[in-house]
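To begin, one chain is listed below as structure tokens, in the form predicted alone.
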């Protein structure tokens, strides 16, 4: 009886050891450096542009899986809180992420994230919200993928100037000036400030006289933009001739405000956005928005995916073109009714 029990105990012990042995075999077959775990944290899940960018990013990462390279992606939403984002980065590192992609809540406060990454020897790819240059230069392994905010502002201004010259009726009160309002992204945000300044300056440099009625912060958000626009409509009535929005969501929110008040088409101002989101492109195709500036989310997503994989695998870094050894900038593109449909199709939005 004792011999039978002993044999069973030994058999059970062997069975218990088998999973560990199998796992050990698997680890030998797939080296740890080929297990890539990308941790992503972005400032707010309500941002339409970032949601579209990250969908492309996940698709691009999946396509880079080959042979023994296995890639996992964990995406977290900071809900507009830098403290939450810092905590999320710690959790992502603790969960085994060996490269981070960070869309900062506060572009001036990346220090804690950088310190945590340095301690674990992990590279960080900041995206869409560019950190202060001094922060990015703190150490090796810090990168930025995005676009030049000035370019988007200049292009929006050029689109607006061209449209105004071709459609003189926009000056409804015939005073020789275009009365305009601006919907800005958020207080202190570098891209918001640069987009606004350069859009307005470009229109003026094109020889068009402007009169600013109001600037309102809407935090890149469609619902907030609608609310702010309703306030401006109450104040200025039919006096607003041009609406410049720092992104498509806010331009769409401004249009929602006029729709809610049942304005006729002839009484509407002209709207311009930035980003070229699905709904933004559709609004241009439908002539509800005069134009937008396409922010190359596909290009940025692919660059992020390629850089993340290269940083962990050690392969392909020499094929990536950087500016100042740390920056990857993708160009913007002007969008009018003439090319909006082709961009819509390129994004495969109909599928």
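Numbering follows the first chain given and starts at 1. The model shown is predicted, which means the values in this text are computed figures rather than measured ones.
Just so you know, the form predicted together with ligand GAL exists too; it's not on screen, but the next bit is about it.
**Q** Among 93-101, 206-214, 163-171, 128-136, mark the stretch whose residues have heavy atoms within 4.5 Å of ligand GAL in the predicted complex.
**A** Within 4.5 Å of the partner lies stretch 128-136.
**Q** Is residue 292 close enough to ligand GAL in the predicted complex to count, meaning some heavy atom within 4.5 Å?
**A** Taking the distances in the predicted complex, the answer for residue 292 is no, it never comes within 4.5 Å of ligand GAL.
**Q** May I ask you to state whether residue 156 is within 4.5 Å of ligand GAL in the predicted complex, using heavy atom distances?
**A** Residue 156: no contact with ligand GAL in the predicted complex.
**Q** May I ask you to check whether residue 43 falls inside a 4.5 Å heavy atom distance of ligand GAL in the predicted complex?
**A** Flag for residue 43 set to yes.
**Q** Even though ligand GAL is not shown here, does residue 184 get within 4.5 Å of it in the predicted complex, heavy atoms only?
**A** Residue 184: no contact with ligand GAL in the predicted complex.
**Q** Can you work out which of 283, 305, 50, 38 has a heavy atom no more than 4.5 Å from ligand GAL in the predicted complex?
**A** Result of the distance check: 50.
**Q** So which residues in 260-279, when you check ligand GAL in the predicted complex, have a heavy atom no farther than 4.5 Å from it?
**A** Contacting residue: only 275.
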